[in-house]
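Take a look at this single chain in structure tokens; it is the form predicted on its own.
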Amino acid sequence: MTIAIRDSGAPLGHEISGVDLTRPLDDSTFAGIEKAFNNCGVVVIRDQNLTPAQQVAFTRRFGEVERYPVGSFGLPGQDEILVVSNIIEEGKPIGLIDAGRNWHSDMLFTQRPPRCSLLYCLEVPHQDDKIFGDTLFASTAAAYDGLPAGMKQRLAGLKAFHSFRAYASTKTDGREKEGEAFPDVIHPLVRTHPITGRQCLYLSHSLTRRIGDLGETETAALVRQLIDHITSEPYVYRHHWRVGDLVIWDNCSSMHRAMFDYALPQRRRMHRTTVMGTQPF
């Protein structure tokens, strides 16, 4: 296959065309996809018609597939796939409904957060000709590059303390118990990308509880300042979903946020796979 890459106009979100992931993918073609992904941080492959097995097989090209550790929404018969959906069947949700209302990187609360996540679109919420449920992506690498020299110096060497337990304790949907399974973790606030070597800001709106020796109020102010910077217009790509889209994002060099501007009977259904990563450094 011969691939082409269309620039999104943002630091990330570039579209790869000329790929049919239902067909065998030669090493050279995959190398082109992976190079674009590493350089960009978020890539889009449209107009796919993937079975769950094909999605998992393609995901394995990036590394070891990791099952999402929270909740019980694995796809029956293919539990490497997390179902992300607002659909209710027989009185029960078929998938994870509340998936990322705030800016975050996936599974930052683990010792070895995932390298990347792949989300495949099966149904998009819509009314008439209007599509809902966009996802926003922000480049934590480009945002770091755009910091003033004084702020880079201030952040150098700082560690950030993240607590899924504290976050889960605020929930009333069962996750408050799940939080007990995940010990608090400490990661560098400025993380080095393990492949490109770029410096990336690494924090979360909901999970980051302390930075360095700052107090709670100072930490919250710095988190807000940094996320406001990361998510400012120059660093953001907004993805308008279409059925058949496969979006792949890097959990070191990007963060994302789902838009919840829809409700049943507007249906949204996605299949997500996750690739195991390395310990941040």
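Position 1 is the first residue in the sequence shown; the rest follow in order. Note that the coordinates shown come from a computational prediction; the quantities given were computed from them, not determined experimentally.
Omitted from view is the form predicted in complex with a small molecule, to which the following refers.
Heavy atoms within 4.5 Å of the small molecule in the model of the complex are found in exactly one of 71-79, 99-107, 156-164, 194-202, that being 99-107. When contacts are judged by a 4.5 Å heavy atom cut-off, L119 counts as touching the small molecule in the model of the complex. The small molecule in the model of the complex is approached by V84, whose closest heavy atom lies within 4.5 angstroms of it. Using a 4.5 angstroms threshold between heavy atoms, L21 stays clear of the small molecule in the model of the complex. The small molecule in the model of the complex is not approached by F58, whose heavy atoms all lie more than 4.5 angstroms from it.
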